Structure formats: structure tokens, C-alpha cells
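Take a look at this one chain, the form predicted on its own, written out in C-alpha cells.
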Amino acid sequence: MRKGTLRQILLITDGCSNHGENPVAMAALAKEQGITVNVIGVLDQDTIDESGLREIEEIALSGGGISQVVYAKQLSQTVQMVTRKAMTQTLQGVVNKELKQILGSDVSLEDLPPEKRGQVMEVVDELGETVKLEVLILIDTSGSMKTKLPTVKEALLDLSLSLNARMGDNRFAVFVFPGKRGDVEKIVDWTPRIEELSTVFPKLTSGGLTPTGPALREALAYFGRKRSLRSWIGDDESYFEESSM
């Protein structure tokens, strides 16, 4: 199995989108392009309504990712769990596809004898520690997120510490929505050092609509521009191109 790059969008929000494209459709488009969309819904108390919960689940489902709803104080451990669980899920998808090619279309990881299955999962775990990872983080900064932004910052710094303990390379980018002059704003370009958030977060303002769909669309375009550049230097491999979840 060749090594490539796992690509994730991590959407952090606390409510329903109410402007622009359908975020569920944008998440499905991301999956088609080999990018997993994971969603974390952040609550103060029970402030998210049923339609908001449903949207969070549907975005992650369409994006081939994982959804989790938590109270703000639990955010740090949840961000790490969702990111790592999504890595494992994606790698298992790749393994299943390769098993089908080797052993036949009716064979999956669950069909292997326990010993063989354990050996395969050891490979998945090792890949999870060594594969390249790119996470584009989308943060909802609409009015209701104002009190949660300090917790979001702490969670992302914890995520950086956790992932930087891996052997594989990590790269992060951070977008917020709505932006100061549009639906979406890039605040941190691709970097292995998410600590750069420390200089940006105090400048963030909250308020306005919740353009989740446009934010996802812009994230996809950003991955696309990056892939186009990388194709010139011959480093455009991705597990996602081979996986189906």
C-alpha cells in the first residue's frame, strides 16, 4: 500500500446554517474529491435545536466523516478523538478496498479470521501514526459562538500537541465564517504549527449569519488550488483517491 496524504475538513459550529449553498451537498462534493468532512457541534447548555443536530449528522454522513455534539468544556478531547477516529475510518476504507482487489469483491476486513484481522489493524494503526495528515479547520464565528471561541482555541492547540506526537507530517489551515468582508475568511495558511492561532484568535469577531455551505465550498476550492500547485512538483498522492467509505 503506497503512502499518501489523509485530507480532512474539521467543521466546528453550534447551530444551523442559514445562508448560501446547502452544506450537506457541499460535504458530499468533498467526499467525491477525496476529502473527509468531520463535524463537531458545540453546546453551552442544550442550545442547539433538533434541525441543527440533524444538519450536523447529515453533513458528516455526506462527507464520509464523523459527527459529535459536546459541551464546550469537553471540546479539547473531542477534537482529538474525532480527528484520529476519522483517520482510522479512512484507512480502514482503503484496506477494505485493497482486500477486495486481492481476495475478491465479497471480502472485507470483518470477514478475515481474528488473527489476520488483528494483523491488518496493526498496519492501520501504524499508518495512522506515519501517514501525512492535512486538516483544514472551519470555525463558526457567528454571534452565538462568541463565548465558545476561547475554548475552541484551547482545543485546537491541544489537537496540535496531540498530532505533533505522531511520526507523520501534519499541516493545518484555519478558516472562519462569516468573515469580515465575506462569507469566509482564511486566518491561518497551511502550517505545521497551529500555535499561530495564538496571534489570530484575539482579533476574531463574532456575529452575522452562518454560511456553512459557502465555508465548505471555499475549503474545497482551497484544497483544489493546493493540489494544483503540488501537481507541478510531483507530490500529489492521496489515500482518499483510493478509498470509499
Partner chain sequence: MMSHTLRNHLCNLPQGTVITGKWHRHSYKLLKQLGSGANGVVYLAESRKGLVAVKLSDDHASVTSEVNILRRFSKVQGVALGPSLLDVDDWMNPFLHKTVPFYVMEYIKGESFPAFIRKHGKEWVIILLLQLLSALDQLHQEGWVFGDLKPENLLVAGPPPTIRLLDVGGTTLQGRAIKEFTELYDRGYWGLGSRRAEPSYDLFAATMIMITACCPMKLERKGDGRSQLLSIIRKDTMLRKYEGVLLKAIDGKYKRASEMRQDILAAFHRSSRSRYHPQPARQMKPMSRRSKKKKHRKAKGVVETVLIAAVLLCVYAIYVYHQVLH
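In this text the structure is predicted, and so the values were computed from the model without any measurement. Numbering follows the first chain given and starts at 1.
The form predicted together with its partner chain is left out here; the points below concern that form.
With its partner chain omitted here, the record of contacts in the predicted complex names 60-68 of 208-216, 24-32, 60-68, 188-196, defined by a heavy atom within 4.5 Å. Not displayed here, its partner chain is approached by residue 92 to within 4.5 Å at the level of heavy atoms in the predicted complex.
Within this chain, residue 126 lines the site of its partner chain in the predicted complex, having a heavy atom no more than 4.5 Å away. Under a 4.5 angstroms non-hydrogen atom cutoff, its partner chain in the predicted complex lacks residue 173 among its neighbouring residues. With a 4.5 Å cutoff on heavy atoms, residue 169 does not count as touching its partner chain in the predicted complex; it lies far away.
Looking at its partner chain in the predicted complex, residues 80, 84 and 111 each place a heavy atom within 4.5 Å of it. Within 4.5 angstroms of its partner chain in the predicted complex, the stretch 161-192 places a non-hydrogen atom from each of 161, 162, 164, 165, 166, 167, taken in sequence order.
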